[in-house]
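First comes one chain, alone, set out as structure tokens in the form predicted alone.
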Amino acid sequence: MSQRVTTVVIGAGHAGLAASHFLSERSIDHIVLERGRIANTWRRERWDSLRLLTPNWLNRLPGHAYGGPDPDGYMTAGQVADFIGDYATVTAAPVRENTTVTSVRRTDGGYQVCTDEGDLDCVTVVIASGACNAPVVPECAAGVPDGITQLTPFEYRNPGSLPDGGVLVVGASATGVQLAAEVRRSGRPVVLSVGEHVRLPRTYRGRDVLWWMDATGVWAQSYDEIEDLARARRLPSPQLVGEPGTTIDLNALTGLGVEPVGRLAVIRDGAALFSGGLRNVCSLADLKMRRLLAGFDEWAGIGDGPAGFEPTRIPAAPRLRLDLRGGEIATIIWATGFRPDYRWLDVPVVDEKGRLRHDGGVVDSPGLYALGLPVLRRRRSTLLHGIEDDARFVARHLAERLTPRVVA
């Protein structure tokens, strides 16, 4: 027989646990389901050297802030997992670990959630399973010649795990630039395929750039104030690394000896063909960075304009073709983004591109909610410190649906 509960939360990462916190505050009985351990993604699907991009002083969950000795440092993946795990303990979240959801479907009374450990009938469901459940690999990967190792960031661990030889990293957002730098420092030749990206310095005018994002209210912007919301939700993560004072833009990478090339267009007859638009892509990233920094200066009352950032240096004639059969490249790392995985969701709320249809976390099916997605309600929605407002709203909306006349 199915167990009955008012609300099922799917995912015991920071988003699901924040939802649990606010549901408990409202005395709404619920269960949090987790396919692995609490903070499973941080424990099992990250490379060895990864650090959080936000400084420790900014990292907090509802009622639970960083209290360690290094407020200006950046947590390792293991430390993030421990931080989230401690939060689950402090809040006494009702988590069922090692429980995989196999389907969610509508019923007359709400939803049935089926798992490999039994079924649950509930009135409401909060989907907090994350936006990065699976790596995105372009279709052209099928054309890579045999003998070349292909990895995603879920599979990469460290340079020592790679075969000898050169590495092509495809993608130049945070993941791509971090892996390109790490692999290059190991002594391997690295070619970096660069598409649209967000260039940011690690520090600006003596402060972490994310201090400026927080203090000026950039991250607090509401989703209904953003002109092109769909685009904002697709933006790649900025070129940052969790190392104090360390900027990891393309200039830093070329200084290490990384070779930048344009966006990968196709793999044909054993060769990777790249776009000729590298200079334009980088010029646009430079322009957007300077506009952002100028906005910081305007907020701070500084009138001399952003200084100290030279334009991205581009080779005079970037390569347009790379022979993958010639022995130069032994490994390709696909740092081409991530996507959610809703194959278990048997409710028609996923669009043709695999994204949930929702309005600020209220999914297009009564009693179904989402948390932990990009720009869910604010620009900071996916960050640790950004989940509080979103989870509070979702819990309130959910409670109002359950007892519309009782909720204050």
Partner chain sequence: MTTTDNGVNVQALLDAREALKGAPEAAQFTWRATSTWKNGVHSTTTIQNFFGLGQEQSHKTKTEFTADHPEIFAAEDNGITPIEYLLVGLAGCLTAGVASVAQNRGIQLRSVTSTVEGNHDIRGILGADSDVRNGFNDVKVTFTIDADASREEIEALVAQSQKRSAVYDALTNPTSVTVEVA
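Positions refer to the first chain, counted from 1. Everything numeric in this text was worked out from a predicted model, so none of it was measured.
From this point on, the text means the form predicted together with its partner chain, which you will not see here.
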Selected contact from Lys353, Arg44, Arg343, Arg357, since only one has a non-hydrogen atom within 4.5 angstroms of its partner chain in the predicted complex: Lys353
The single option of Ala232, Leu320, Ala131, Val198 touching its partner chain in the predicted complex, heavy atom within 4.5 Å: Leu320
is_contact(Leu273, its partner chain) in the predicted complex, heavy atom dist at most 4.5 Å: yes
Contact label in the predicted complex: Arg279 to its partner chain, heavy atom within 4.5 Å: yes
Contact flag, Arg325 vs its partner chain in the predicted complex, heavy atom cut 4.5 Å: no
Its partner chain contact in the predicted complex: Arg313, any heavy atom under 4.5 Å: no
Among 109-117, 328-336, 265-273, 209-217, the region lying within 4.5 Å of its partner chain in the predicted complex by heavy atom distance: 265-273
